[in-house]
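Quick heads-up: it's one chain on its own, the form predicted alone, in structure tokens.
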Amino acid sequence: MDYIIKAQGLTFSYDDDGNGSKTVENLDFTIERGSFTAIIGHNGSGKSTIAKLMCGVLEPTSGEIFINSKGAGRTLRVSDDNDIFDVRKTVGMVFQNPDNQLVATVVEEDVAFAPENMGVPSNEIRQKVDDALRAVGLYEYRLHDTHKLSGGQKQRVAIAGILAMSPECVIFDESTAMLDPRGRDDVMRIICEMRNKYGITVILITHYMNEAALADRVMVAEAGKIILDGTPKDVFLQKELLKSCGLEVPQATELASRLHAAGISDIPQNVLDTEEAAQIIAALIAKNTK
């Protein structure tokens, strides 16, 4: 498997001496290049800490994260100060609150900020900024004031700023949590396009199960450990285990489960999206009315 991120014995504590309670404890996992992985868990489960460790915002208390960087042409270690610049060029991160990530007052200047600081030639920056803004559907807003944008538009500017760095992987740390449904839909569309159209590895930290259902793989964090890891269809079948962790399943999966419990055994219990559920139910109704 061509991996982009590999964790070995990953442990982290917010205590200065590292001897207190572990927010993340002895994790081993690999993220495949070009994949779309969702990490879910209730507040305090360690999922956001895992995200910050993967991109070098936090340094492991023990263990290591390796970044297989094509851009750097070698394997990087997150805990190595000599590698951290290349780590952050390879793995970008979009945070929950876009206001904490915007640094300029004009949209195109904000998107250009990171490439400028990376030393990208000015003629290349222009192209990178334009391409990134087109990718998120904000090219026509390039001269607008960032503070006048909606929350969803600000988040798209933040994503464009990461895309302009040409990352190999982007981590979204609950990046839709502060948005309305339309804003969440816009961001999720862009996330899926980043993976499907541009081949960027996507890691999504979320507490929205409908978003996690779009991924190839779902990892469930609980008390600093990964307790479930598999395809969305496999993971969301574990309804009782998820419930014990304070998590729900996608709405379509819940509906299918209730219909199955009511005696409608023809409907599969691992349905993930509403369109699929609607088609199955329509087919059952048509079958039973003949």
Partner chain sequence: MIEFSDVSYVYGKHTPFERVAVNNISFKIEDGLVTGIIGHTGSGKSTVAQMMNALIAPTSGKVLLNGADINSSRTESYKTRFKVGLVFQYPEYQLFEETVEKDIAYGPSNMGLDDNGIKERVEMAAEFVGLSKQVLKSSPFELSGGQKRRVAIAGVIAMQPEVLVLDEPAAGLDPRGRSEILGRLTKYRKTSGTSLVLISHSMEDVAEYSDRIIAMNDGRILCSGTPAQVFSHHEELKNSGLALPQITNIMLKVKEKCEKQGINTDFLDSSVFTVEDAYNALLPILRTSDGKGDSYVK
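The shown structure was predicted, so the numbers you read here are calculated from the model rather than taken from an experiment. Numbering follows the first chain given and starts at 1.
The same protein also has a form predicted in complex with its partner chain, omitted here; what follows describes it.
His42 belongs to the set of residues with a heavy atom inside 4.5 Å of its partner chain in the model of the complex. Contact check for Arg258: a heavy atom falls within 4.5 Å of its partner chain in the model of the complex.
Although the partner is absent from this view, Glu248 contacts its partner chain in the model of the complex, with a non-hydrogen atom inside 4.5 angstroms. Contact annotation: Ala277 falls within 4.5 Å of its partner chain in the model of the complex, judged by heavy atom distances. Using a 4.5 angstroms heavy atom cutoff to its partner chain in the model of the complex, all of Asn210, Ala252 and Thr289 count as contacting.
Among the residues Arg74, Arg189, Arg182, Lys197, the one placing a heavy atom within 4.5 Å of its partner chain in the model of the complex is Arg182.
Only one of 24 to 32, 223 to 231, 65 to 73, 238 to 246 lies within 4.5 Å of its partner chain in the model of the complex by heavy atoms, and it is 238 to 246. Contacts of stretch 52 to 70 with its partner chain in the model of the complex, defined by any heavy atom lying within 4.5 Å, are made by none of its residues.
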